[in-house]
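Quick heads-up: it's one chain on its own, the form predicted on its own, in structure tokens.
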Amino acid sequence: MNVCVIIFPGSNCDRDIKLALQKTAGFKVTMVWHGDSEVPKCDAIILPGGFSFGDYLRCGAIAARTPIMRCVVEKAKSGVPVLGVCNGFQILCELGLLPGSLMRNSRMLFVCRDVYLKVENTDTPFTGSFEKGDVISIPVAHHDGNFFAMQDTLNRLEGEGLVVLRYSDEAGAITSLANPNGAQRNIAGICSSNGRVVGMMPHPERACEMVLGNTDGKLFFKSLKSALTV
């Protein structure tokens, strides 16, 4: 099974994602440059974290308009699973593959620390190995992770079960104190209507080895392998 990782100028988690995919689930990984016009045949696509194009204009705005993204959109619409992590989530929103946008953190500060997340949706290729209600710890590292959408969009996300992850405390309570960036309704990750496109601000690739102090991120990649082998 082959996973393509898209690289932009300013990506800084592409190698981390590659190693996580290889070590946790044995995937073959193909790195794809943003200036290419075609994504090779693959089973899934990942947009890694970083600061594509220096976050100029808006985070992910320029990356969403690069040549490779036309093909990413086509593959996503054909059902290929796509995961956007941090800057990748921002890019997915800029593309219109996911609703809403990621705004400046409410305290106007860069946040880099472990957070607790409550798993709300296990019907995606990236969360199928979790149980609904699981509480996990994953690092965040962002300046623009404050998820915003109009109320009707938020209500649709809630009503259709498209919220995948929420910031919580260790016991799973959804509180303002557990919210690191001011995201509406503590939203840390969402998915498309068909569940095949997932965006999340936390970095699962940074929680895949005990040398990093945490392995809660492994299940995102093991979930993908399970989903692709069904």
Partner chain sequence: MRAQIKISLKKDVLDPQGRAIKKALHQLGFSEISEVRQGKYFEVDIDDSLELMASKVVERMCQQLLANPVVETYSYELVD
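Positions refer to the first chain, counted from 1. Not measured: the values here are computed from a predicted model.
Not on display, but discussed next: the form predicted in complex with its partner chain.
- At a distance of at most 4.5 angstroms from its partner chain in the predicted complex, all three residues I62, R65 and M108 contribute at least one non-hydrogen atom.
- Comment: 140-148 is the region of 72-80, 140-148, 118-126, 154-162 lying near its partner chain in the predicted complex, near meaning a non-hydrogen atom within 4.5 Å.
- Not displayed here, its partner chain is approached by R58 to within 4.5 Å at the level of heavy atoms in the predicted complex.
- Put simply, V135 is far from its partner chain in the predicted complex: not one heavy atom of it is within 4.5 Å.
- Heavy atoms closer than or equal to 4.5 Å to its partner chain in the predicted complex belong, across 85-111, to the residues E94, G100, S101, M103, R104, N105, S106, M108, ordered by sequence position.
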